[in-house]
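Only one chain is given next, in structure tokens, and it is the form predicted on its own.
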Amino acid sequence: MEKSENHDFLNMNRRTFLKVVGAIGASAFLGIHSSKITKALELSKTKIIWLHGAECTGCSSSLLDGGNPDLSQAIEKLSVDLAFHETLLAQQGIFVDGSPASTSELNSEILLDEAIEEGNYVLVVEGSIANGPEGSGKYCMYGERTFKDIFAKAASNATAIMAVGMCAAYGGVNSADSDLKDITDFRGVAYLNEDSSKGMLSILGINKPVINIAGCPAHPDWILLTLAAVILGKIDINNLDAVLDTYKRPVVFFPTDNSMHDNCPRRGYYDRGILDEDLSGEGCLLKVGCKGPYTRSDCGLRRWNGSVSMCTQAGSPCISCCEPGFPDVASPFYDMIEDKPLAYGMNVGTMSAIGVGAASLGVAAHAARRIVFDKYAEERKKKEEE
């Protein structure tokens, strides 16, 4: 923290900036550098249009629950003009004989159209985009327009797009396996699950810089700090490959070289071969379905609810809600993944039976598991390239 205070963030290069914000969180960063941010942005204003597709509004709720800074403080410090956010704005859609009535001061439909036509904004999308039935997009409507049409118009005029949450990034629960999946045909902004050729932008033939903020919901820090990096020019939106992984997630929050499991509060139990079997006791949660070893996120370090808790800390296995293909790739949530060995070809049951209690063996087992994890990631990348 002291080192961060002494840094001049305006003169930080991209790599140092991302390391600092990744380590200290949104609250600390915006608090420590508040006056410098205000000075840096005093002559600029970043317009944001935030659209909601098919979703539960959980990512907006997560952002609103951020606490410190709360959304209004963050907007003020980052000099953001939140031009449109359906959940927060006062305007409503008003129609007379099928056409929008009144002005943008009262009518959200007119407000949105005017904001899009003005251009020069970052588009934030929360929720997936219906393509069904038969490419019409009519399974998700805004008044008398399809969300697909609204997204197409907004995306075409945007400077860059942030897809917030699993629904917007990869389709999420709307694209999960079901009898309705093919009929509704929900898509993420740039992906359908792990496939970048089936995202809505590809269908529409629109090419825009996209950043995916994974998570169900996304962590407030991931949203605010990524937005801060874009607004402050610390991320070059025309060179995103330098800061994003294969699935367009910021590497600083979704590291390619380790998993949630590496920093899990229950990690010590794993090293000693102590496994919880009924979700009620102490021990590593691998045997009750924890997908932490296969999930790239910094949840174990950052944690949630003011950095005091997280899923495994509360007794719930990680359900891998940051990985493309969620929830299908993590289902059933409470069943152990049987076909992916953890160490030396052993499954969790074998590890427990022989009592992997020695710390030295624990370290060795972890190293072997890391190899398996890296191999798993490599297989996924190869699959996407195919």
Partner chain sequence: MTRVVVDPLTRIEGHLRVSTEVDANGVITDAQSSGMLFRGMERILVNRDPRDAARFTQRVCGICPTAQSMASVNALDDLYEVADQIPKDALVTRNIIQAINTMASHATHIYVLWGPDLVNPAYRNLLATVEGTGSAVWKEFLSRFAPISYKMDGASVTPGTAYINAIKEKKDLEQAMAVIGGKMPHQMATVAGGVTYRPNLADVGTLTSHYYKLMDFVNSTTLGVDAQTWLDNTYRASSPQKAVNFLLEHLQNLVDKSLSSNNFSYSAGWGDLELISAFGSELIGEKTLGLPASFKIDRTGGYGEDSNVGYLTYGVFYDVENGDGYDAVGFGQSAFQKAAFINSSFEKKAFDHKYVTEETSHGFYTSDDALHPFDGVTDPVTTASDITYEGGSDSRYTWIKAPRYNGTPCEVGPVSRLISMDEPLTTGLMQAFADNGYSAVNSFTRMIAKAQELLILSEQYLKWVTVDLDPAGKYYVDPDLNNAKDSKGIGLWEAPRGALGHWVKAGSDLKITNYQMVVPTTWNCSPRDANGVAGPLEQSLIGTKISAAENALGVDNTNPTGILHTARSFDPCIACAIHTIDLTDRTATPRTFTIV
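Positions refer to the first chain, counted from 1. Keep in mind the model is a prediction, meaning the values are calculated, not measured.
Form predicted in complex with the partner chain: not shown, discussed below.
Listed range touching the partner chain, judged in the predicted bound form by heavy atoms within 4.5 Å, from 235-243, 177-185, 206-214, 192-200: So the stretch in question is 177-185.
So in the predicted bound form, is the partner chain close enough to residue 251 to count as touching (4.5 Å, heavy atoms)? Answer no; every heavy atom of residue 251 is more than 4.5 Å from the partner chain in the predicted bound form.
I'd like to check something about residue 93: if you look in the predicted bound form, is any of its heavy atoms closer than or equal to 4.5 Å to a heavy atom of the partner chain? Output for residue 93 is yes: heavy atoms within 4.5 Å of the partner chain.
Taking heavy atoms and a 4.5 Å cut-off, does residue 317 contact the partner chain in the predicted bound form? Residue 317 belongs to the contact set for the partner chain.
Contact of residue 159 with the partner chain in the predicted bound form (heavy atom, 4.5 Å): Answer no; every heavy atom of residue 159 is more than 4.5 Å from the partner chain in the predicted bound form.
Listed residue (294, 304, 121, 269) with a non-hydrogen atom within 4.5 angstroms of the partner chain in the predicted bound form: Selected option: 304.
Select from 250-282 the residues with a non-hydrogen atom within 4.5 Å of the partner chain in the predicted bound form and write them out in sequence order. Sequence-ordered list: 278, 279, 280, 282.
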